[in-house]
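Before any questions on how it binds or moves, here is one chain, the form predicted alone, in structure tokens.
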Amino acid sequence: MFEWVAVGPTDPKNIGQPGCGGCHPGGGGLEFDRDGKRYDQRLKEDPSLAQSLDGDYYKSKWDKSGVVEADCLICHLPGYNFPERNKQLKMWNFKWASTAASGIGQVVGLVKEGQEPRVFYNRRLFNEDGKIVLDLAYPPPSENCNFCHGISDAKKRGFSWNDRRNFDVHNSRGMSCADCHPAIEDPKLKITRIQHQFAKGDENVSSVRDDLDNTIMTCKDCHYQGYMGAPRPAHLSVRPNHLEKLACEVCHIPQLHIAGGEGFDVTTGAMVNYPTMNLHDPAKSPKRIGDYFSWHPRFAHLKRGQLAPVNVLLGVFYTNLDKDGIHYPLFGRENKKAYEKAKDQLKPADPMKPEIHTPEQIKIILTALSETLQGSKRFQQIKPYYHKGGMSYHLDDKGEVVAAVDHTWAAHMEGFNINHNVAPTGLALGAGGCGDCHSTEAHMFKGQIVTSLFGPTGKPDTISSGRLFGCQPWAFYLNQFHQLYLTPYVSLLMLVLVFGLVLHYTGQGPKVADFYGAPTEITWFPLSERWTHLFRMGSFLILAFTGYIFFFNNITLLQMSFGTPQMAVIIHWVVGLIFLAASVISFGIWGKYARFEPYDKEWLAKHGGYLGGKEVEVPAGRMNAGQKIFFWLTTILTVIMGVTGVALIFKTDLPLTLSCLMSTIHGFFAVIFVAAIIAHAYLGTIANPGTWRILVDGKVSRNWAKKHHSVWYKEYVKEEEDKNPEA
């Protein structure tokens, strides 16, 4: 415990960083042993404890250093000198650390150098009666929070505060840490006036105070309610399923601008940290954690199912598999002993940064561990394992390396949540359109993510970001076709279609049907069929309109017509189901007329008369060959659109690859469907003037029926004669 409080980085440039006890404000395990007695008092009573194997007292100087009592000033004193506190802890001046760091007095003398510290008090801080006067702050200033979180969170998440190059919109608005992480009452405590239970989120990796998980106000809590004047985003350009599937941080923290930690290696016995890597140009990689460097986070699914940005510290470390089946991490001194034995064989280029990556090197270090761990009283069985990049390695009975996918606790890849350094709205993903995520240059799917600090060749192993969170490359390229090619050129294709129809009209002219002069004697379109067609036509128009808004992300039309994306989506779903129901009924009504007959070949050969002059007559049943083709085309398209559309209602529950596939198919065939309906509408109105009137009263003249549906007309006349033989 004594060493745990004091030991910190040995690098002179990092002298201000704390040892393990530096971020703990004192009290608890820094003041009392497992029996609840103060270390300094108990060691004075029994000095032999320092020579015992008791972990609380082993090689300790508690009787000289004093203990680390709870230091409230770390949080509540503006201007607290945290580096000075850490310096005092490193030099074993535990008892005097708070006095020196708070500026109450100057401490002279270092316990670690065998001196007895003396204090020269700053009398300006004391009243005449000897009472001290300090200007304490409540809640704590953010700068004081950063004493600990600035160091640890820079490594875990690339976090910094009050940093122009690693900007945060909340910071720029004058918000403090305590605004989001206020002290809350713990219902388990009887004394609630002492509120040191801080609101927190749900950290992926940490298990500290899980009972307080999700007590912090979320992004939605603040921005949907306008808490503390938070702006209320409309998110009109964002698909509703994106808001459900993606955490806010995905779009609003697109980059970090100081180097975090890529991983660590404990092969030498000391922890060697690797900062975030520049995969495009390794020579430009940052030298240390905290250097200015722009990088994109990786993405992982949180416990609640949303995709969120995280930073995974890739560990390279060692365990021993004991007889109880548990992998126990090895101590630094155990790793160091094995490395000292093996380093002459390993011949590392940099003794401080060994890279164990080839089977030969792995065999050397595992063999050394097997030998140096012999006789250890910690384990009943010596079976060392090497863990790296989601793989584990151990030696078999013949001393050869066995590699396997790591299913132990050592392979956890959850990553530390990235929640801070929120970018301005104009820099958020999506501000520049769908291409911010769906283009080939975008990080969301195509960015390369390190999965192992060094692979078999010694270089980092990587994988595409999209594949890492569940999107197969082929699905991405299919979706990219939708985003980058289909959407931009659909308008042009529709214009080409309309232009083609105009050319047809000017070249062939309208077919002249005597709707206006001849009496309408035959009921061609019964009421049931007219209503079915009306429901199908009306619902299709609404689907096409809402689909157009989604397809082109037309915010103006969306806001004018529906107000919110959620409302547009709901209407699209409901009307889509109505369209499917009407389509099923229409299939039952017209399916029997859509069977192809031998005489349809003549209609097809003469193109239905649409390309062969105005007076061309072709045989046709109740449906001509063109209508039959249109019927079966729309039936197939309806099935495709129905299957993919219903699947997309449950899009948030689909695997990402399947979701991308369904979206692309739905969008692609929607374009074909709309094009087919435009052509159908042209042929039923402009190309055949007066035909639309059939939708009103359902009746046609005998001449029209004889001219356009001669086969059906003959059958109709025969049925009439059979019913009225005397007529």
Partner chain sequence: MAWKKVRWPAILLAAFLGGMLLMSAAAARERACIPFHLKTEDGKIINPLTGENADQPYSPRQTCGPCHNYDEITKGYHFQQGWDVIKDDFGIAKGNPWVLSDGMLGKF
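It should be emphasised that the depicted structure is a prediction, and the values quoted were computed from it without experimental measurement. Positions refer to the first chain, counted from 1. Throughout, rigid core stands for the largest set of C-alpha atoms superposing within 1.5 Å between the two forms.
Quick note: we don't show the form predicted in complex with its partner chain, though the next part is all about it.
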Query raised in the report: Of these, P329, G432, P424, P78, which has a heavy atom no more than 4.5 Å from its partner chain in the predicted bound form?
Result: P329
Report summary line: Contact with its partner chain in the predicted bound form, heavy atom within 4.5 Å, among F579, Y339, W96, Y274 goes to W96
**Report entry** Partner contact for D71 in the predicted bound form: its partner chain, 4.5 angstroms, heavy atom
**Finding:** yes
**Report entry** Residue contact check: K131 to its partner chain in the predicted bound form, 4.5 Å heavy atom
**Finding:** yes
**Report entry** 4.5 Å heavy atom contact, S237 and its partner chain in the predicted bound form
**Finding:** no
Query - Heavy atom of V119 within 4.5 Å of its partner chain in the predicted bound form - result: yes
Requested in this report: Have a look at 251-259, 441-449, 88-96, 627-635 and name the one stretch with heavy atoms inside 4.5 Å of its partner chain in the predicted bound form.
Outcome: 88-96
Report task. Kindly confirm or deny that M1, F32 and H196 each have some heavy atom within 4.5 angstroms of its partner chain in the predicted bound form. Result -> yes
Query - Interface residues of 39-53 toward its partner chain, as seen in the predicted bound form [heavy atoms, 4.5 Å] - result: Y39, D40
Query raised in the report: Any CA movement of 2 Å or more for V133 between the shown form and the other one, core superposed?
Result: yes
Query raised in the report: Just checking, between the shown form and the other one and with the core aligned, does R42 shift 2 Å or more at the CA?
Result: yes
